[in-house]
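Just the one chain here, the form predicted alone, laid out as structure tokens.
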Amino acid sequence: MRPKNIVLGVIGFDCHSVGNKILETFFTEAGFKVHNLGVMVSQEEFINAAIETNSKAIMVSSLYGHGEIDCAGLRERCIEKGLDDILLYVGGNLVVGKTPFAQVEEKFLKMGYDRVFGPDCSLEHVAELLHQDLLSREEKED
């Protein structure tokens, strides 16, 4: 089985790079073909990279608290570009302040993200969910 292509990056004006490299290494070792866009990535860059690499998922990271602003509208832009079924994962410190994670998750799910993760999530769990979600999408296509 060939590794599934995924796009990974840190959105907006966020320049937190250490976690991004950890994610790249982890997901590569978990069997994915990771296309890491680095930091300070625009929505258009995520979308263009997903199209160019035939990726099945976009994994957005944000640690500086402005993810709510930076991530708004990504699902709609994906649909406009023909990426109707791409998985959208988002994780990190997504909002400013001490908002309960359940509220943050609800907000991002309403924005069209398939999965939402806090900064203390288990990467093993994320990889397991990603494998399951990708398999589920493949089964729907068959």
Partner chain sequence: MSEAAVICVDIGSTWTKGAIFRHDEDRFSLVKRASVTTTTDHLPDAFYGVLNQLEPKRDWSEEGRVPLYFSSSAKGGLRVAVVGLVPEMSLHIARLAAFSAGARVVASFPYRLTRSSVAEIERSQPDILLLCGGTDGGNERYVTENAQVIAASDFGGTIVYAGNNLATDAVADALANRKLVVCENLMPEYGKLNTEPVRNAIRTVFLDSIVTGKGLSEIVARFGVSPVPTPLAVFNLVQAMGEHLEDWQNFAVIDLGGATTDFYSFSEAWFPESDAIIKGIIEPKVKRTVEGDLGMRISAESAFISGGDYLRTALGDEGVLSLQDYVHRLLQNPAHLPTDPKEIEFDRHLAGACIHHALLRHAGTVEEVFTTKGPVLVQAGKDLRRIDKIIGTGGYLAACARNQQSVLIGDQMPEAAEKVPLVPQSFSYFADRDYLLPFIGCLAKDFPKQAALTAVDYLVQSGDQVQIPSPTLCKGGHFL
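Positions refer to the first chain, counted from 1. Note that the structure is a prediction, hence the values are computed from the model and not measured.
Missing here is the form predicted together with its partner chain; even so, the following discussion is about that form.
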Listed residue (69, 109, 40, 79) with a non-hydrogen atom within 4.5 angstroms of its partner chain in the model of the complex: 40
Partner contact for residue 85 in the model of the complex: its partner chain, 4.5 angstroms, heavy atom: no
Residue contact check: residue 51 to its partner chain in the model of the complex, 4.5 Å heavy atom: yes
Its partner chain contact at residue 131 in the model of the complex, heavy atom, 4.5 Å: no
Distance check, residue 64 to its partner chain in the model of the complex, heavy atom within 4.5 Å: yes
Listed range touching its partner chain, judged in the model of the complex by heavy atoms within 4.5 Å, from 86-94, 30-38, 110-118, 71-79: 30-38
Its partner chain in the model of the complex - contacting residues of 10-28, heavy atom within 4.5 Å: 13, 15, 16
